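One chain is shown next in structure tokens, namely the form predicted on its own.
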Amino acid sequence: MLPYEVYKVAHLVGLAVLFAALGGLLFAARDVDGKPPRALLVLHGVGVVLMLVGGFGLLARNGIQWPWPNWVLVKAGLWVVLAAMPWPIRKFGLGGAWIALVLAASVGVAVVMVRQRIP
């Protein structure tokens, strides 16, 4: 098992990569078919995986096991929302302001949930 700090850095770097990719997907130029650059989708996937590995590593290092506390379930749900976010961006071409608001709200909820855990 890796040290706590490694999982924490992986989780936070994954968050930064994920949001950089989502920002790029929101505002990147589209090709002829209306698709965003493939590199941004790959970056999004890398960020999602880093967040997942880092998050589960942090849970293991803190000794949190099933059944998970409610704050973990909420954060897992937010992870699913963030992981699925390229789909509405690509499929419907939703405006950047609406998606940016959802992204900002998801980070706010995630911060509140993790603060529930930290004494």
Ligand code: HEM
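Quick caveat: nothing in here was measured; it's all calculated off a predicted structure. The numbering used is simple: start at 1 and walk along the sequence shown.
Only in words, not in the display: the form predicted in complex with the ligand, which the text now covers.
Between the options 26, 50, 40, 82, the residue in contact with the ligand in the predicted bound form by a heavy atom within 4.5 angstroms is 82. Within 4.5 Å of some heavy atom of the ligand in the predicted bound form lies at least one heavy atom of residue 76. For the chain shown alone, residue 15 is a contact residue for the ligand in the predicted bound form, at least one non-hydrogen atom being within 4.5 angstroms. Although the partner is absent here, residue 111 lies within 4.5 Å of the ligand in the predicted bound form, judged by heavy atoms. Mapping the unseen interface onto this chain, residue 70 falls outside it, with no heavy atom inside 4.5 Å of the ligand in the predicted bound form. Contact annotation for 42 to 61: residues with any non-hydrogen atom within 4.5 angstroms of the ligand in the predicted bound form are 51, 52, 55, 56, 58, 59, listed in sequence order.
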